[in-house]
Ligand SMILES: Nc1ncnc2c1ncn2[C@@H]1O[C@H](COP(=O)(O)OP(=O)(O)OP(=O)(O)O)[C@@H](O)[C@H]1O
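Take a look at this single chain in structure tokens; it is the form predicted alone.
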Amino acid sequence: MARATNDLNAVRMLLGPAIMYSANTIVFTAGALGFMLAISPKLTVFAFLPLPIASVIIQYFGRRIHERFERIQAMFSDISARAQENFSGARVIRAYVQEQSEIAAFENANQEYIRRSLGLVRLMGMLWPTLELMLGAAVVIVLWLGGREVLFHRMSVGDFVAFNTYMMQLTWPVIALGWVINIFQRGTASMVRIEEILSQQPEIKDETVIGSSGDPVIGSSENLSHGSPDFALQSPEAPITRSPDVVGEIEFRNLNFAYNGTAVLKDISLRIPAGSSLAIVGPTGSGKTTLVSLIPRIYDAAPGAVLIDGRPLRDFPLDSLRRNIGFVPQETFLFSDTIRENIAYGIAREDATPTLDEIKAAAEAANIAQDIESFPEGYNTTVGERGITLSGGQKQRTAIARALLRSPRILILDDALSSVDTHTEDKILNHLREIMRGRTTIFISHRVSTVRNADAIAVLHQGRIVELGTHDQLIARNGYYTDLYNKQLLEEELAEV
């Protein structure tokens, strides 16, 4: 944010006033210098005698200004980040009574910013007087030598006055030079910071190959249609129709995946038939989220390790692949906008916008419609930053509605029902079974009630699939899944008591 505001303004000054006053300085200096040389080349040489010293001083101050301004901008970024974090985490700060501590930390950061800024101001305050001193020294030299030339009748008074007039016209260009140098150093420091962002290349991107015609082709997707999703979600009971780019079969082949050298997934081999449902369970840190994140290429697996419809993921253009996937992550994110716009966000495009009836159908499918209609402004209710005005369950169901509105061929729910009660969860799952009929559904959950009706259940432990089968098959094996089932059964019995 700091680079997009403060740094950008410094670059604007560099490309605006700095260029304008630089041109002004060059024109004035060239014009005055020509007239001065015509009057007296000797005096002109003496008039410009202090310039080499001024050049060294400018270089010294310019380098120091550049370095200090970079540090100041970095500090400004830290302050902006701290402020944004405190605003977003206001509830947590209040809950732990850390208001004064955060205020003190913010004050300390501001004081450090002031200290660094004052250092820069002092440096800038020294630059202009130093340049004026150099100019004053040149004036003294010209008055002394030029006066002697007039006294000895080697120069007329008129020429001497004219020479001094032209020399005085150089006063503003010299002063402006100091200001321009200041702007230039600050602007280039900011440009370096902005360029760091502009030069970043995404790690995950479409692979370009050369086609038979010699033209670049993205991946090997010549046979893929690039149709955009239709809005066919008419009712919770009606199956979703759409011209697919993807059928929905997913396969993991000897998949190994690591974060920064630390193995997370090990030798995963799994096939999910198109139109089926797979549930993934396992302890925290077993790699469940990582596994499903490889499907929409949020992370990149090794080439050929993940396939859709028998083709490697990298054969699909990213936009085509992700348009066919509805992804509801663990941490629900809603924009500071209306509920209607948040649900429509999944397919909002420049050329088309979903109708209110389509949005309501998606909300009904996610079992959030009744809650929305109870709000004073209904679907036009603004949810606040990150959906702060909604409960955890309402946010999750809104995110599910957003994913369903896309009519995805593949739906991934990453523990997306953790904040809803079991009754609401059961209603959502019943809707999903109807809506996602014929489509591939993957969901992660810690509740047996969520996963028991899935076509297959995979138990992930320490990055490996240790159990795979239906609910009844896994119960019969008396392994991790059976332990999980028995514990949750006991919890339910105790809760009833």
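The numbering used is simple: start at 1 and walk along the sequence shown. This one's a predicted model, so the numbers in the text were calculated from it and none came from an experiment.
Beyond what is shown, the protein has a form predicted in complex with the named molecule; the following relates to that form.
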* Asked: Tell me which of 284 to 292, 151 to 159, 188 to 196, 317 to 325 has residues with heavy atoms within 4.5 angstroms of the named molecule in the model of the complex?
  -> 284 to 292
* If you check in the model of the complex, is Q330 within 4.5 Å of the named molecule, heavy atoms only? -> yes
* **Residue contact check: V264 to the named molecule in the model of the complex, 4.5 Å heavy atom** => yes
* H446: heavy atom within 4.5 Å of the named molecule in the model of the complex? -> yes
* To do: Although the named molecule is absent from this view, report whether Y299 comes within 4.5 Å of it in the model of the complex, heavy atoms only.
  => yes
* Asked: From the list F87, W144, Y259, Y96, which entry has a heavy atom within 4.5 Å of the named molecule in the model of the complex?
  -> Y259
